[in-house]
Each structure stands twice: as structure tokens, then as C-alpha cells.
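In the block that follows, a single chain appears as C-alpha cells, in the form predicted alone.
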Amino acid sequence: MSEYAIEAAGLRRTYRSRTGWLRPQRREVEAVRGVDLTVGNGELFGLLGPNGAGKTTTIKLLNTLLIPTAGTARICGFDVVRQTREVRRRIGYVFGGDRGLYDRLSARDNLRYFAELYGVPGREQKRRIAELLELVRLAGRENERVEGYSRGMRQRLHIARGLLHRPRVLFLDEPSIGVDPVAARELRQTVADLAATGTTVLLTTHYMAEADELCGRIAVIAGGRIQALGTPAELRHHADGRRVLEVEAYGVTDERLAAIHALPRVREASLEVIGAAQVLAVQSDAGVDVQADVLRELDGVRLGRVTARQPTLEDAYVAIVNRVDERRSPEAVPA
């Protein structure tokens, strides 16, 4: 057995497109620009990155849905290009959203159907389905039609579907997208239970708290390259020596955010929408108080609480991604 569940070396993917009719021009965009990565057997590994960073493209290269332009990737020791069938026998893929289930069938019948597609022997199906329903906390609800399931229940059923053939590596591509907080907590517990069984999990997510809670190691991808890799505690060092001012606001425009980011003593500024409110996080050096300058830029905006706190993993992530954006000229990169 290979020492690593996932290996990638110099992985690249270039998209070619044509624009214009009278004078067509060919354009090449590198979505993934030389990714090097190793994930150990049984590891729960996080892959974080903004939209367009190359995150989903990397996942598709690793699970054989895309062919690399250059570089190599191996799953459980098998090459994703030359040994595609062997790779697919050893992986499961779960993506966020509602696609991939049959609403008019029960959860049990969905799993029976996919068990046939995955080639699970008939004599094993009943026991395997019962195990998975228990793992994803749907035991007792398995005979209900999926059309009556909540978003969180559907996502847990997606995970059960991806595990039917006992894959050694499971790719979870933003599984908690659009899921309410209670369902997201249940989903995180399901993923943690899954990793405890020895399955290697590669998780992509936009939720920093989710990655912080679940992942032993995290890679941040931006601009098609891995920009930082380590444990959540190690990644937080990217925001060491900083202070974070957090402002709850209602109606901060992109122009105001840009003006705050341009303030002389501000290192980073980001805006998150939580319900009806916006939460503005402004990073500065530890000994610098930018509160007065920030509030001056927010004159006329309705404000809520204003607090100072220590940096989190999300603050470190913002710092890493913003450094990449400052180095690059604007260009479109596929997801």
C-alpha cells in the first residue's frame, strides 16, 4: 500500500478558449499552476481558496474528471491518467447542492440504486446500507421520500451514497453549502465520524470554522498555486502580530470597503454577510489602533457592536489570499 492516499507533483491545467468573430483570438488560462501535495492515509485534509482559485479544478484532476495539462497525480499509488479504473474504484465524490439524488425514492431505495451502479454485491447491500444510514444519522428516516428531506439530510445522504463501495479516499466538495447552522453542525459530526473509521477525506469549504474544527492540515490555494500549508495553528501564524477590529454594520458598499483597505495603517479588510448584518474585519499591526480612522470612513452607515479581538484562522486566510491578489494582475481563472 502506498504511503500516501493522495499525491500530486507539478499538477497543471490550462484552459484554451476563442473570443471574437471577425478577428478571433485564442486565449490560454492556467487554472492550476503547479500544485504539489501529499495527503496521508486516513487524514482529514482541507483545501481552502476563494472562488476562481483553482480549488474545484484541482479536485477534478485528482478524481479523474479532468486530465492534467502537465504534472502527475496518484491516488493510493495509482496514476489518475494511466490507471483511471483503479483510481475510481478507490474514491468517492460528494459535491454540494441538490443534484445526484432521486426525490421520489426513499433514502433506502436511493442507496439500493446506487449500490447496483457501484457494483456492491447483492448479499452485502442490506448490511452496508444499514451501516451507512447509521453513520450519517438517517436511521429511522430511511423509508421517507427524499423530496421531504431538509438540505442537511440530503447532504448526509449524499455522503452515504459516496461511501457505498467503501472508497479509501472521499472528496467532499463544499458539502455544507446552503445548509443551516444546526444541519451544518450535524454534517461536521458525520464527517468527523467518517474520518475516525480510517477513510481519507479531502474537504473543500468556504467556512473557516468548519475547516478549523475538522482538518488536521489545511492547504490554501490561490492563483492556481498552493500558497500556504500546515495545521490550523500553523496557518494562524500568517496573522501573527496583528490586531483585528470587528465592526457590525448595515450598508457598507464596495467603495467604502476599498477606502478602508487603503487607509495607511490597515493591513487587511474583509466583509462578511451574516443574516441581515455585515461584519467588517479590519487587520492592523498589534500596536496600532485604527478604530477612529475606520469609523470615520463609515460615517453615515448604521453600526452595531465594535470590538477588538485576536486573529483567527479566517483572518490568516484573508491575509494569505490578499497577498496573492496584490502580486497578481487581474485575470479570470476558472473555478
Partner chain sequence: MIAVGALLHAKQLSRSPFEIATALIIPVVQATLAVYLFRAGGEPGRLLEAAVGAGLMGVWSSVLFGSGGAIQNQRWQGTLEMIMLAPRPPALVVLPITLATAITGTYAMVATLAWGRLLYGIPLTFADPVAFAVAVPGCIVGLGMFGLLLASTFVLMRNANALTNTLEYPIWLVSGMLVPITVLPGWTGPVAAVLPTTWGARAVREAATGSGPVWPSLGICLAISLACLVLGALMMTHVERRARAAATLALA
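Positions refer to the first chain, counted from 1. Since the structure is predicted, the reported quantities are computational estimates derived from the model, not experimental observations. Only the largest set of C-alpha atoms that superpose within 1.5 Å between the two forms is called the rigid core.
Missing here is the form predicted together with its partner chain; even so, the following discussion is about that form.
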> Even though its partner chain is not shown here, does it sit in the model of the complex so that Arg13, Lys60 and Tyr118 each have a heavy atom within 4.5 Å?
Replying inline: yes
>> Considering non-hydrogen atoms and a 4.5 Å limit, which listed residue (Leu65, Ala70, Ala286, Val273) is close to its partner chain in the model of the complex?
In response: Leu65
>> I need to confirm a contact call. Of Ala184, Ala249, Leu229, Leu105, which residue comes within 4.5 Å of its partner chain in the model of the complex, counting heavy atoms only?
In response: Leu105
> Should Ile91 be counted as a contact of its partner chain in the model of the complex, where contact means heavy atoms within 4.5 Å?
Replying inline: yes
> So in the model of the complex, does any heavy atom of Phe114 sit within 4.5 Å of its partner chain?
Replying inline: yes
> Does the 4.5 Å heavy atom contact test between Arg145 and its partner chain in the model of the complex come out positive?
Replying inline: yes
> With the partner left out of view, is Val81 within 4.5 angstroms of its partner chain in the model of the complex by any non-hydrogen atom?
Replying inline: yes
> Looking at 205-213, 82-90, 219-227, 235-243, which one sits within 4.5 Å of its partner chain in the model of the complex if you count heavy atoms only?
Replying inline: 82-90
> Since the partner is left out here, which residues of 156-184 would have a heavy atom within 4.5 Å of its partner chain in the model of the complex?
Replying inline: Arg161
> Using the core for the fit, does the CA position of Glu234 change by 2 Å or more between the shown form and the other one?
Replying inline: no
> C-alpha of Asp212: shift of 2 angstroms or more between the shown form and the other one, rigid core aligned?
Replying inline: no
> So, does Val29 move by 2 Å or more at the CA between the shown form and the other one, with the core held fixed?
Replying inline: yes
